[in-house]
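Shown here is one chain on its own, the form predicted alone, set out as structure tokens.
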């Protein structure tokens, strides 16, 4: 026991050990190239496509809201954000950035494309038209919808036509799911599909 204590005392009193103890320095912290920090805004205009919100694996981490200038803008909640960077990768307008994701996408020619599939269960649908009236894209195409007027345009995404809810232009859907939420019979569904591509 006493010999081991003496050994430790000798070891700690060595000049080299004392010098290292007081002068040692750790290497400066360097951010790895692949590190994905919290997303930040690039200044590009947001088109409110909501793809960032749809692909985010962490509920409540990102929300697209109107700013003080009445323009759409993604808001990141750091308490929920996982820093995965998927919102950056899926944004077609490069509104947000994180780490070197945008540079890497440009270099490797990769992208995500989002698509939305609308399906109607005609056995459940009672043709009330709530989905058509509530759809924000339908309202944009036919502003009279906001005042309760009936649909007269075939340019809308969906409408009750010939006694049946018909999907006319699914390619115009932004995947907001307003139709799904307003349907009293749960008869319309919006599937969000995101696929990765490389040129």
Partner chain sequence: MSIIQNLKNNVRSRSIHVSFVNVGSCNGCDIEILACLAPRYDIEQYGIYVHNNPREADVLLITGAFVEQWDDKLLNLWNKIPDPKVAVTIGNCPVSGCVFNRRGSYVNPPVSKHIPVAAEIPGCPPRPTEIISTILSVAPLIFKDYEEMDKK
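We call the rigid core the largest set of C-alpha positions that still match within 1.5 Å between the two forms. The model shown is predicted, which means the values in this text are computed figures rather than measured ones. Residue numbers count along the first chain shown, from 1.
One more form of this protein, predicted together with the partner chain, exists but is not displayed; see below.
58 is the sole member of 47, 58, 153, 44 with a non-hydrogen atom lying within 4.5 angstroms of the partner chain in the predicted bound form. A heavy atom within 4.5 Å of the partner chain in the predicted bound form is found for one listed residue only; from 114, 111, 102, 82, this is 82. The chain is drawn here without the partner chain; in the predicted bound form, the stretch among 32 to 40, 135 to 143, 66 to 74, 164 to 172 whose residues come within 4.5 Å of it by any heavy atom is 32 to 40. For the chain shown alone, residue 107 is not a contact residue for the partner chain in the predicted bound form, no non-hydrogen atom being within 4.5 angstroms. Taking the partner from the other structure, the partner chain in the predicted bound form has a heavy atom within 4.5 Å of a heavy atom of residue 78. A displacement of less than 2 angstroms separates the C-alpha positions of residue 45 between the shown form and the other one, with the rigid core held in common.
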